[in-house]
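Here's a solo chain for you in structure tokens, the form predicted on its own.
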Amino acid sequence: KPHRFTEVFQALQRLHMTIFSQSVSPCGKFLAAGNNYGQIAIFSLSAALSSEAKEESKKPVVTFQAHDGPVYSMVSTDRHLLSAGDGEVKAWLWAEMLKKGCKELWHRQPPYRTSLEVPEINALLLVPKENSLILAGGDCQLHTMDLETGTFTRVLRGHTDYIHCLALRERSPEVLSGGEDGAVRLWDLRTAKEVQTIEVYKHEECSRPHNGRWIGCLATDSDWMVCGGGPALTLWHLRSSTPTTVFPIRAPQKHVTFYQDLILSAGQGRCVNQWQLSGELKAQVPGSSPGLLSLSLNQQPAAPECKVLTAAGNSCRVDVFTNLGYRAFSLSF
């Protein structure tokens, strides 16, 4: 029975699924999620959150094969969803994706040193002021792509290993990057130079040698940065390169973000952690996945009724938190 075999195969796929990335649509009503099989699912947040929501409303509106390997990172512009996998980035039109059978708009490969190299692209970052996209990952470099022309305009070199994460300092066009080499590097986009390096693991209060030195997550808010991974999750004052708060959590953190006067983090373990800037744990809200890899805050002004936090990672589910205190429900691939 081929049909039965397909069902078993799909059940196994769901069992071993990891959701690496998510991105909210420009209208704020949809959420894209990318998994380890190269599939992107589009969920309707507005349908799932409506008072008439059924079980069916928590399933994807559409699922399509976007990449051959995992979809490691996604971001949305005002019209496009950009997705990254092994060695390439693709663009999809949000308006088209909701109709079945979506075709990619374009795909680009950064200029790698050899044609045999297909490093994974772990992080994508939009720089709205210059209408560009920064990509980073397995080749230890940051590549800038002009979104107007699709050309790669500069390469930032300095990391000695694999890059995991990127963050933008909006006021000054500066980018922070972190990865396996244990350094957070600050780049000036005007000069394309590295202007600051913080070797987190060399600071005694953050160092956790048994976990390694890798930096897995980064976020920034004007003069402040929060980062974590092998070393403890730590709040830094950038100008003075000083660690000001070390957050008391043992599990390596994989995603962190500033939200109002809080810091939200997630990683190994089920919980979304909410921190005061002072280091006090305000709340730990359990979700449905054994580990989390990405958090997404939907703050699109166009859809205030869809203002939610979503969390995804080592399962086929995306947890939806309608307020920060509890998980309302899960969307599922």
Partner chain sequence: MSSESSKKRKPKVIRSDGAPAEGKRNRSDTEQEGKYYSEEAEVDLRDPGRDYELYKYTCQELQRLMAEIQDLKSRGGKDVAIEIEERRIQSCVHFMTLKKLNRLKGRDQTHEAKQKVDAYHLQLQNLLYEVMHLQKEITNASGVSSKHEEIDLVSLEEFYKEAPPDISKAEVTMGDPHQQTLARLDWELEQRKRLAEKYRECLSNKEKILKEIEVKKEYLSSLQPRLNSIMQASLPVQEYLFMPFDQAHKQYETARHLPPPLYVLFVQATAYGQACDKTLSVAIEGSVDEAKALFKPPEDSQDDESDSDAEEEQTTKRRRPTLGVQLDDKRKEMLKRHPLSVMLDLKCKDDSVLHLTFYYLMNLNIMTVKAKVTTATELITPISAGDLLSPDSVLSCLYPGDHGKKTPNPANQYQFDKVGILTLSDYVLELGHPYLWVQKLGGLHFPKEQPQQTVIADHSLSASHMETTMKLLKTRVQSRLALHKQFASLEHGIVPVTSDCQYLFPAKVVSRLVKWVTVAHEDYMELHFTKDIVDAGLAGDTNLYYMALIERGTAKLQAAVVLNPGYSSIPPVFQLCLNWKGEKTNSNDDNIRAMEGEVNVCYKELCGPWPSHQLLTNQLQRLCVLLDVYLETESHDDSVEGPKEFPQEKMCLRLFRGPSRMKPFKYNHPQGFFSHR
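None of these values were measured; they are calculated from a predicted model. Positions refer to the first chain, counted from 1.
One more form of this protein exists, namely the form predicted together with its partner chain; it is left out here, but the text below deals with it.
Colleague: What is the one choice in 132, 122, 76, 245 with a heavy atom within 4.5 Å of its partner chain in the predicted complex?
Modeller: Selected option: 122.
Colleague: Among 155, 147, 262, 118, which has at least one heavy atom within 4.5 Å of its partner chain in the predicted complex?
Modeller: Answer to the contact question: 118.
Colleague: Non-hydrogen atoms within 4.5 angstroms of its partner chain in the predicted complex: do 99, 127 and 224 all have one?
Modeller: No, because 99, 127 and 224 lack any heavy atom that approaches its partner chain to within 4.5 Å in the predicted complex.
Colleague: Could you tell me which stretch in 45-53, 27-35, 297-305, 65-73 has residues with non-hydrogen atoms within 4.5 Å of its partner chain in the predicted complex?
Modeller: Looking at the other structure, the answer is 65-73.
Colleague: Taking any heavy atom pair closer than or equal to 4.5 Å as contact, tell me whether residue 180 reaches its partner chain in the predicted complex.
Modeller: Within the cut-off, so yes.
Colleague: Considering only heavy atoms, tell me if residue 86 and its partner chain come within 4.5 Å of each other in the predicted complex.
Modeller: Residue 86: contacts its partner chain in the predicted complex.
Colleague: I'd like to know if residue 164 sits close to its partner chain in the predicted complex, meaning any non-hydrogen atom pair within 4.5 angstroms.
Modeller: Residue-level check for residue 164: yes, a contact with its partner chain.
Colleague: Given that the partner is absent here, does residue 321 sit within 4.5 Å of its partner chain in the predicted complex, heavy atoms only?
Modeller: Result no; residue 321 lies far from its partner chain in the predicted complex.
Colleague: Go through 260-292 residue by residue and record those having a heavy atom within 4.5 Å of its partner chain in the predicted complex; state none if no residue qualifies.
Modeller: The stretch touches the partner through 268, 290.
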